[in-house]
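What follows is one chain in structure tokens, specifically the form predicted on its own.
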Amino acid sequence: MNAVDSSLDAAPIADWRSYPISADLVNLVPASDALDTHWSDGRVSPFHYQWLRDNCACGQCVYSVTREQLFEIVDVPEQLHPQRTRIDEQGHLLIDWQDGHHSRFHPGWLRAHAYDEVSRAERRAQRPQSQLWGAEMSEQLPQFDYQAVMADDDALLQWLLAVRDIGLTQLRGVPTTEDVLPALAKRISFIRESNFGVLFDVQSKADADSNAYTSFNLPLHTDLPTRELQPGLQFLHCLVNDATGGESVFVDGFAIAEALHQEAPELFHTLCETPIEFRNRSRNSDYHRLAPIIALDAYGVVSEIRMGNFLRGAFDAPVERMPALYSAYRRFIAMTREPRFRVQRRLDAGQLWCFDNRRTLHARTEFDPASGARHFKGCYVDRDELLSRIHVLQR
């Protein structure tokens, strides 16, 4: 239900999503600083009065066009209390405040935002979970049809969910013209530009400004670890691949981090806690970033891998921690070389890789440029754009 129909000047809920009613409000028990709401399934959710007033969605508190908040909590007394609370015939929570303001809360929205321990645990369990993978992905690679993704939003959503949860996908049946990649990327959102351009050509160049633009072996890495925010998604579209060698190699950085956590937790924590300098210097640019190889999110879950040995500066750590840092770093790279984690496949003309660059490390075996042409077209789209597109498609 997107809108609240109220005689109390209520406006649409300050959100564009729908909130199904999974349980009904059955009783309200006021306390000194909070309202205990009792649900039909037996759950009790306390809501502090400041929280309730802060989340009022009436037309005075939220602008109905943008659904963005106008009200600021500092504009009401800190010790505010309801004058009256009740449940209306539609099951909404109604509150009359001491200053004459009125609030109405949809039960589906209220339950979705309840912050009692059970409700918060329920939301955490519903968060998307990364599906870790290893060498078996060679046989289980998620593959999607280009024409379907371009024409059908349901097919687009299934592809994007695989990118989000697995971090490695392949599209097939992709036309081998240079105008295809930007159109595909824009099915998600706008393309992220870098010093390599909006689009970049991955092919051997005599005046290469990156090891990617050579023909020799390129070790496992994430692109642009030298930036404050590494690109989220990377696209590599094969226009032609007649050269000998040059196979794509992938490992799931999250799976390696999890295995390291289980097998050598002290080394895992070293890579989470020790910042490493990454740098990328060319004739016209000079990028530096100090960050750990393994980053955790607000829940303590691995959210990002940052790796590029050929873009790494000298380690700078306290004397007593330097041996531990090298032990952890060596172990991580050694694990990326273990067959249990590696996927190695050739990308042929008309095929395209799309993977999570902040999770999936990629590499390329050496190829012989004299044996035939090899030309990939690439671009980046940030992870935020992926998640936003998924949310809109799911709505």
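One-based numbering along the sequence shown. Bear in mind that the values here come from a model prediction, so they are computed numbers and not experimental data.
One more form of this protein, predicted in complex with another copy of the chain, exists but is not displayed; see below.
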Query raised in the report: Could you tell me if A317 has a non-hydrogen atom within 4.5 Å of another copy of the chain in the predicted complex?
Result: yes
Requested in this report: Considering only heavy atoms, tell me if R67 and another copy of the chain come within 4.5 Å of each other in the predicted complex.
Outcome: yes
Requested in this report: Would you check, heavy atoms only and a 4.5 Å threshold, whether R330 touches another copy of the chain in the predicted complex?
Outcome: yes
Query raised in the report: Within a 4.5 Å heavy atom cut-off, is S138 in contact with another copy of the chain in the predicted complex?
Result: no
Query raised in the report: Since exactly one of P275, G134, P175, P82 fits, which has a heavy atom within 4.5 Å of another copy of the chain in the predicted complex?
Result: P275
Query - Listed residue (D165, E72, D179, E266) with a non-hydrogen atom within 4.5 angstroms of another copy of the chain in the predicted complex - result: E72
Report task. Just one of 246-254, 100-108, 140-148, 72-80 has residues with a heavy atom within 4.5 Å of another copy of the chain in the predicted complex, so point it out. Result -> 72-80
Report task. Decide yes or no: are D33, H113 and R123 jointly within 4.5 Å of another copy of the chain in the predicted complex, with each residue judged by its heavy atoms? Result -> yes
Query raised in the report: Within 290-329, which residues have a heavy atom closer than or equal to 4.5 Å from another copy of the chain in the predicted complex?
Result: L290, A298, Y299, N309, F310, L311, R312, A314, F315, D316, A317, P318, V319, M322, P323, Y326, S327, Y329
